[in-house]
Ligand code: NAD
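Here we start with a single chain on its own, the form predicted on its own, put down as structure tokens.
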Amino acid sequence: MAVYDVVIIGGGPGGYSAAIRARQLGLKTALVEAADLGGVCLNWGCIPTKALLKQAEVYQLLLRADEFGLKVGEPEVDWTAVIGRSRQVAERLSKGVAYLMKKNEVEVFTGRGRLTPSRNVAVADGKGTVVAELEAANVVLATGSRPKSIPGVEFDGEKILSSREAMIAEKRPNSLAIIGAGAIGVEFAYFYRAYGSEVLLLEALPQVLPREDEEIAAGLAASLVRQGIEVATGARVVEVKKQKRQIALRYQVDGEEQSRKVDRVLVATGVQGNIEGLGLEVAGVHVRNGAIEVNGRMETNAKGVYAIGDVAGAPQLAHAAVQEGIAAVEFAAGRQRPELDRRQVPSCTYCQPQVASVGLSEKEAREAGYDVKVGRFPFAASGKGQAIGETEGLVKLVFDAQYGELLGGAILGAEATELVAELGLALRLEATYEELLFTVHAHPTLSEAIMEAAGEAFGEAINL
């Protein structure tokens, strides 16, 4: 039986990052992956969808060419090439992960890993036959998640789609209903509408992007409506009935029932962790509400067993999984380091305009008892925003009024998902509004909006 310091089950962003860090720390490491290295994120999630969204953005920019003084013909869409490019990007990066495993001397086992009663890891092939048993001082569970359906609306891969089928559709549907207006639902709404599909976006809660700041979410909803997307919040799905060619959809908004026929339905109501078949019961690992219970060190209740990423519950984001994986192996190696603060994990949505946030929203800060000051700076007042034709949205920052410390921030607008990193660093360093305001930001840049919003909160904005 092969003996390892760390065995990681799952080769997604969290798992392979943990494997690399473990090797950097000198730990003998094995990685068990049932499918493709890079996991869902790289192969069927984050990366290919961002390729699709960028292509939609480019297409929309071509349609706006006259705004920039350019005369071009009507752009044509090669749908097969659109989908094909996103798959090529994913395949290249998956090969890159394989290279990193080889470079870092991580031993990779293909198959499904599960804990045994002795807390070793058994690796089974596709038929369930155990092909290897690995002895490990520490095990990291990093098996990710899968799309979650809703009762009565089960995926069939043809008319009722998960995000996986939506990103490889052979033909663009003329009409599409999306159930769920979280990040996945909003991104696909933008993508399909950008190419001309009629899109109905349904959300059971009072706002799109339910976890985001109310003001930012309202701004995004207004933008989606301007793009031609029909948005219904507070919407409860009553029935989804497949017919010969279309799908009959019934839903209620404010007690009033409405109906619609669409070509396809995309269910985007979240994900559920892949906790089945991991041997959690025999190893005595505790599970609560569909997630493996962990402490701030990513440890489960079972000695030497860690869980990271989507199987450990919210926030179920790839970048959180990466940091959790690195933290887990560092703690396993006995290193002294801070626990991961989930409040400092940014949330990003890559539609256009983009949405990004980190820390407390205004509502959360007030509910936590802070006396707050809020600063806003619209991109319409940004020189760079005007120059590049991206004036939609704003930066919104929330500060503790007494000490001026940044509590959180949200951005709606172009490149929001890039700009949010500055706010993440500011939170990490417990920066005040003055430290943001006194940091020299290059001009003209979109990032100046952060500096200006910090000033506006305390009456010191220059360009507003």
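Note that the coordinates shown come from a computational prediction; the quantities given were computed from them, not determined experimentally. Don't overthink the numbering: it's just position in the shown sequence, from 1.
Note that the form predicted in complex with this ligand isn't included here; everything after this is about it.
Among heavy atoms of residue 202, some come within 4.5 Å of this ligand in the model of the complex. Although the partner is absent here, residue 134 lies well away from this ligand in the model of the complex, with no heavy atom inside 4.5 Å. In the model of the complex, none of the heavy atoms of residue 120 sits within 4.5 Å of a heavy atom of this ligand.
Although the partner is absent here, residue 150 sits close enough that one of its heavy atoms falls within 4.5 Å of this ligand in the model of the complex. Looking at this ligand in the model of the complex, residues 180, 187 and 269 each place a heavy atom within 4.5 Å of it. Residue-level contacts in the model of the complex: of 235, 388, 221, 82, one residue has a heavy atom within 4.5 Å of this ligand, and it is 235.
Contact annotation: of the candidates 317, 231, 240, 394, the single residue with a non-hydrogen atom within 4.5 angstroms of this ligand in the model of the complex is 317. With this ligand left out of view, the stretch that reaches within 4.5 Å of it through heavy atoms in the model of the complex is, among 362-370, 107-115, 191-199, 210-218, 210-218. Residues of 348-364 lying near this ligand in the model of the complex, listed in sequence order, are 348, 349, 350, the criterion being any heavy atom within 4.5 Å.
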